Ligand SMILES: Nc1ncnc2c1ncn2[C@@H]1O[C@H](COP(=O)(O)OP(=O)(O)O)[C@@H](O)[C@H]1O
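Only one chain comes next, encoded as structure tokens, the form predicted on its own.
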């Protein structure tokens, strides 16, 4: 029998969005939400057994909605959350042309999955079990390492990957990073959303606002430092659509990221061998959706002045940076690096 053609995929399994890049040229991103109709009526209206991504969010009033990745980690304990992760992974693979019947031909699908650095220690086995029967061979790496690999930024580089659930840091030294080279913070996009919602409720107690609304406002208007313009949004106040100025609230919520990010960045830099510190300081890369917060690169560069200065660049289109890096790693990895999964 001829050997099955191998499909390599890179998957960035994110708290808010998950992306996949495949060796057949296909790339997709979906919101990391999975939902099942709550009753017979909902099922009749939706005409589907499960909804994934934007469809799930848009129809959430009719769904048992799950966001199975929390703070960048797979939720454990809930059977529904386990099934939600599997549905999300099957959906991503289906988008790039993989059969989603749960039967994987030996050697046919090899996946590199990027997870937060902390998940490598606590959730690796759990993720491994979840992937059984969905892919044949697996490699789990930290998200910032996948980003570095895709950018070919493998030596004297600091990656800061700010997602929804976590902010991940990784110093690249020309080899696979160790635990000492990496950090994970849970102060990231979700915590900004929570803080912004709290500030909105305090200032506009009669406004009817949801976390989905503030997340959308944040993604369109996030900034730190002095505002270039006022941020106004429309929300129902006592049922009446009302224009609200949330400039100060957006700034305050986003700036909760600054102190812990700067502290972690400087701590990792201080642990780099002295003769290489200047090179790393001048090669800091911001990735993830949080890397698009206006003013953040400049704020980090200002903080670097206290240790001799540095340069921070950011990915203008970070959506596929992690999954593309995972795919590059999958294409290059020797046979010995792959872990075979039996269904």
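Residue numbers count along the first chain shown, from 1. Bear in mind that the values here come from a model prediction, so they are computed numbers and not experimental data.
The same protein also has a form predicted together with the named molecule, omitted here; what follows describes it.
Exactly one of the stretches 177-185, 217-225, 91-99, 129-137 approaches the named molecule in the predicted complex with heavy atoms within 4.5 Å, and it is 217-225. Out of the listed residues 292, 58, 50, 303, 292 is the one that sits within 4.5 Å of the named molecule in the predicted complex by at least one heavy atom. With the partner omitted from this view, the residue of 147, 111, 162, 84 that lies near the named molecule in the predicted complex is 162 [heavy atom within 4.5 Å]. Under a 4.5 angstroms non-hydrogen atom cutoff, the named molecule in the predicted complex lacks residue 10 among its neighbouring residues. Contact annotation for residue 190: at least one heavy atom lies within 4.5 Å of the named molecule in the predicted complex. When the named molecule is considered in the predicted complex, residue 35 lies well away from it, no heavy atom lying within 4.5 Å. With a 4.5 Å cutoff on heavy atoms, residue 325 does not count as touching the named molecule in the predicted complex; it lies far away.
Contacts between stretch 224-246 and the named molecule, counted in the predicted complex as any heavy atom lying within 4.5 Å, involve no residue at all.
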